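Okay, here we've got a single chain as C-alpha cells, the form predicted alone, with questions on binding and movement later.
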C-alpha cells in the first residue's frame, strides 16, 4: 500500500508493522521519522535501535510520488496544505506559504514536513448508533461531536455506507471538502461510501450544499467538520428545505458548543435531532453518549 510512496529505507521499516494498526507517518526535515501505531506515537528505528532521520531528498521523493511527478496538477490541493493520493491516503504538508498580491495562497514551497494519514475503513462501526438515527421510516439530522482523532470521519463514512443498504432508497450527497470521507482520486472514490451516494469533493460546504441541492436533489447530506459561519448557514438552509444533514464538529462534548454562538443557536432551536458524542479518552470510536433534540441522553 505504501511502497510506491515512501523512500525505500523508510518503507523497509514500516512494512514490518501491521498495516491494520498503522495510523500516521510523520516525516520532518532533519528530524526522526515518527509513526502512530496502535494509538501511540513511536520513532522509526533501524534494527540497531538508531533513529531514522529524514532528509530533504526523502521529503521531495514522497512529494513527487504523491503527485505522480506533477506538482502543478495537484497545486489546488497543495496550496490548502494537503494532497489526496492513491488509495485514499491523505498527506498534510507544512512549509513556506506563498501568497499572491491580494494575499490569497498560491502554493507551498520549501516543504519542511509531511504528515501521512493511513485511511482505515471500519465496516460496521456505526452499528450501535445507526438505529438511533436512520431506518426505512426516515433519517434524523445528526451532529457528531468529537475531539480530533476520535473516529468521527470513519463513523460518518460507515453511516453513509449503511444508508445505502436500507430497503428504502435515499439519495445521499457526500460533501467531502478536504477529500477525507471518500478520498476521491481522479473522480473515483477510494473508500466505500455507499452505492446511492453522490460525491462533491474539494469545494466549500457553501458551494456544495447550494449547488448540490439544486442539481442533485438529495434526501440526505453528509459532511465533516463544521467550522465557519458559512458551514452552519449551509446546514440550516438545507434542513429548512427538507434535506436531512449528518455532520460532525470538533468539541469534547455538547456543552462546549454552547460557547460558540452559531452552534448555540442550532441547539436551542433544535435543528439537529440527534447528537452523538465520541469519547476523548476511552479509545477511538467509543460512543460516550447519544442525545435527542432536547439534549436528553438516550444512550450512554
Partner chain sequence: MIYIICVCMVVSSAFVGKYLCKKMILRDAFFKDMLLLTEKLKGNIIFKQDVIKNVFNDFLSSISDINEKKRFSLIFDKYASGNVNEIENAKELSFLSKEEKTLLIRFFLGLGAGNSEVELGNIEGASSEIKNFSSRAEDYRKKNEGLYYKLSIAVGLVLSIIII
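Values in this document were obtained by computation on a predicted structure and should not be read as measured data. Positions refer to the first chain, counted from 1.
Another form, the form predicted in complex with its partner chain, is not on view; read the next lines as being about it.
Using a 4.5 Å cutoff between non-hydrogen atoms, residue 112 does not count as a contact of its partner chain in the model of the complex. The closest heavy atom approach of residue 132 to its partner chain in the model of the complex falls outside 4.5 Å. Its partner chain is not shown here, and in the model of the complex it never comes within 4.5 Å of any heavy atom of residue 215. Using a 4.5 angstroms threshold between heavy atoms, residue 64 counts as touching its partner chain in the model of the complex. Residues of just one listed stretch (176-184, 67-75, 135-143, 218-226) have heavy atoms within 4.5 Å of its partner chain in the model of the complex: 67-75.
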